[in-house]
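For this one, two forms of the same chain are given in structure tokens, first as structure 1 and then as structure 2.
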Structure 1
């Protein structure tokens, strides 16, 4: 395999995170796109970049400028004369292709492809993702070498996708294929989600002050009004710290001290 290390220094301390898919750029035209590809790869935890016949040669200063610190990926990238050379040591190769035509081939979504790539790497297989040149995309010979095509579900009225955007979606789906972040969570920092007891304590304080000020004077309506307030305060999670603030809000509204911090004379 003909390969060339580009050897420079700088950027974020990136390194391979286990057995990750190789990104193979086939005949890329713009050096900037190689740089932004490296950046997108870094975002998704990919590291291995192979470049087949870059139009303007390699290395290119413009790639480094566009990589926003993903230099290590560019430094470790290898250059190849042919697709066959670039994929010879890989077990599975997927080709991204927006508009496959007149071919008989397995087609996968980005998410489905990422799941298969993840499963294959867990089996210890080396896998790759091929991306075609900016204008023309992969040609028929390139696609015939792929185990499957990956076609992103996107707006059919506007499929024009920048090369780095295409890499970003696969890099993101690769990262997501093993991510376990809960879809929704409350970031509480130094406080905690209030217990029902802490909430009840506040409700008692609030109702007591509302009784005192006369807001609940209608005895018949009072239970419903309190229940409605309870509905409001249980709609989303509330933290212990927020309850303390709300205690203060109720106390100060009921017993105003005025702007000078003294009991209000008005």
Structure 2
């Protein structure tokens, strides 16, 4: 392959991540869509690409330009004359289908399909995902070769997806089926979530200054007011840096000030 077709100096160092599903593009019409499909596959840890009867032949330089560095997926892609040839070595094949047409076959969501794909690959089976041509999708003959259909539960008033979007949904669900990223986390950068000791040190500082300035003069209400302040600072994960800033705020507010707003010299 000519060097000019390999994108950004060979692209990202992509390689197969174990036994992952094969993406099979049936009669794709545009090289750019094959390239963006490779990009979507790389996002979700998929590597193996098979292309059945591409309209404009293969390889196509425009695919590399659209792949944004997913060059190795394109370079490893294989071309097949028929669906049967593309799936011959696979054990299970799933077909994405926006509109099942008078077919009696199991239909799953993308998430359900990804879970079954993951279970099959854990057993050492080879699996594939078929995607149809951009304009009309898979025909009945294509879908007849699939074990089950995958249909995305999208807005019924508008379910139009381009090829790369359709692949991206399955790549994402495949990746997430074994991802352990917490659903929610606090980004603290160079600081850390304040310990109870650090928080209590700040509360002591704050209450001391509030006593001195007379804010807590009502002895009957003082315990409740202090509890409210404590609840405020423990409701979220205050960081050590934020507490240091608040210490400075309280310290400055506690200094007597003259008419010019500056702290009194005496």
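Positions refer to the first chain, counted from 1. Think of the rigid core as the biggest set of C-alphas that the two forms share within 1.5 Å after superposition. Computed from a predicted model, the values in this text were never measured in an experiment.
Between the two copies of this chain, it is structure 2 that is the form predicted on its own. When two forms of a protein are overlaid on their rigid core, residues whose CA moves 2 Å or more are considered shifted, and residue 241 is one of them between the two structures. Once the rigid core is overlaid between the two structures, residue 218 counts among the residues whose Cα shifts by 2 Å or more. Core-superposed comparison between the two structures: the CA of residue 189 exceeds or equals a 2 Å shift.
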